[in-house]
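Shown below, as structure tokens, is a lone chain in the form predicted alone; questions about how it binds or moves come after it.
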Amino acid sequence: MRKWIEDRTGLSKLVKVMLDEPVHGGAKWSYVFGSGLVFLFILQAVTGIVMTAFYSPSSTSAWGSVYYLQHKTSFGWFVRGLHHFGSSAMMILALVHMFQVFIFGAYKNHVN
């Protein structure tokens, strides 16, 4: 099945181009902020999609739909908590990442 998909799409070549970026100076723990941001963005997207399945945006039923998600659905409180705290963590991590990029000069062109 994998060979059939590869023959028709060339997906592995695209994945290799996207993931094979050289890290100048070597990989370090201080370089995880970008990956952390990607993880948090995916978390926000997934929890947001789950919550939209239960949310009603009308002025009469919005509060009730949030209450239903929070108290009546299985792990609704957990999904809402992940979304809430994930958004705060994403803002903090974005600031840390931007500061790190500025300090390390990662925005500069590193052509040898």
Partner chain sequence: MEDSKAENTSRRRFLKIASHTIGGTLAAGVIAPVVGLAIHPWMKETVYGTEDFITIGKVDEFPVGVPKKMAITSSKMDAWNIFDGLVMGSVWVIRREDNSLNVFSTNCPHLGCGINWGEDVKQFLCPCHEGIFDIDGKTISGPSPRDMYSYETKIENNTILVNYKKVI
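Just so it is clear, the structure is predicted and the values come from calculations on it, not from any experiment. Numbering follows the first chain given and starts at 1. Each form is matched to the other, and the largest set of C-alpha atoms that superpose within 1.5 Å is called the rigid core.
Only in words, not in the display: the form predicted in complex with the partner chain, which the text now covers.
Does V46 make contact with the partner chain in the predicted complex, using a 4.5 Å heavy atom cut-off?
-> Result yes; V46 sits at the interface with the partner chain in the predicted complex.
Quick one: is G26 in contact with the partner chain in the predicted complex, heavy atoms, 4.5 Å cut-off?
-> Judged by the heavy-atom cut-off of 4.5 Å, G26 is well away from the partner chain in the predicted complex.
Classify F85 as contacting or not contacting the partner chain in the predicted complex by the rule of any non-hydrogen atom within 4.5 angstroms, answering yes or no.
-> No, F85 is distant from the partner.
According to a 4.5 angstroms non-hydrogen atom cut-off, is Y31 in contact with the partner chain in the predicted complex?
-> Although the partner chain is absent here, Y31 would stay clear of it in the predicted complex, with no heavy atoms inside 4.5 Å.
Pull the contact list for 50-66: residues with a heavy atom within 4.5 Å of the partner chain in the predicted complex, in sequence order.
-> Contacting residues: V50, M51, A53, F54, Y55, S56, S61, G64, S65.
Can a Cα shift of no less than 2 Å be assigned to L95 between the shown form and the other one, given superposition on the rigid core?
-> Superposed on the core, L95 moves its C-alpha less than 2 Å between the shown form and the other one.
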